[in-house]
Ligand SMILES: Nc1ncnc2c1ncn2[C@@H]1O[C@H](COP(=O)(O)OP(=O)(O)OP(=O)(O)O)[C@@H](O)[C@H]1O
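One chain comes next, on its own, written out as structure tokens in the form predicted alone.
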Amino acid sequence: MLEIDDLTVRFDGIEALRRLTLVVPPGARIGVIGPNGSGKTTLFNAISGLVAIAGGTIRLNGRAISHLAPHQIAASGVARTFQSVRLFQRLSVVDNVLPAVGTTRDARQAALAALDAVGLAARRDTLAGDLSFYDQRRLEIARAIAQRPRLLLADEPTAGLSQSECDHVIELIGNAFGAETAILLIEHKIAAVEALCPRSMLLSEGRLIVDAATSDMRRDPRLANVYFGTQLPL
């Protein structure tokens, strides 16, 4: 479904991604882990068209999307959440979701259904800026649900949340998207990755180091020592 071949991204001559190659099948749920600066968010930015690529190709369902504009990539079926919440703070909750649905006659109903999926339908008329941080995280997920994406790029969706909120957000992501939607998840909390993603890819210095079962990677002391310090974060 998603095919990346020899992807290279440079910033001021520094290679943030180095000839990265990977394949994500339809419906796969894959963690993207690694230390800060390893290229995780750069990978998401390259897929979603937010940074220029220096080399390689990105294909979605056989179609090259490498040089499309971000709105064209989104229309092709790629949804994105961000580590820092990006909402229209002075618009209502439902008005934040409507742009993801389109302009069809049933758009508002689809937006409300997405809000219902994350438990925010009752707050449809609340300004997004008046929501708690946890509810803002859920609103971002609702916006992604409304897109009905083929690929979801979730960049640290639990950042800033309590443990119980983190667990709920991971559960929402796991349940809200159908089997046809592939999910790539960036998370520093390895327990959260393992709860959602049977498989994970470990990046370091822009390279793919390991692609294996998340449970095996979590329990490998060599990976813990080299890439995460003496203990994997929970």
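Note that residue numbering follows the sequence shown and begins at 1. Since this is a predicted model, take the numbers as computed values, not measurements.
Just so it is clear, the following notes concern the form predicted together with the ligand, a form of the same protein that is not shown.
- The partner is absent here, but in the predicted bound form a heavy atom of Gln83, alone among Gln136, Gln83, Ser92, Gln147, sits within 4.5 Å of the ligand.
- The shortest heavy atom separation between Gly39 and the ligand in the predicted bound form is within 4.5 Å.
- Put simply, Ala16 is close to the ligand in the predicted bound form: some heavy atom of it is within 4.5 Å.
- Heavy atoms of Pro35 reach within 4.5 Å of the ligand in the predicted bound form, making it an interface residue.
- Residue contact check for Arg199: none of its heavy atoms lie within 4.5 Å of the ligand in the predicted bound form.
- Note that among 189-197, 167-175, 40-48, 59-67, the stretch whose heavy atoms approach the ligand to within 4.5 Å in the predicted bound form is 40-48.
- Residues from 165-183 do not approach the ligand in the predicted bound form: none has a non-hydrogen atom within 4.5 Å of it.
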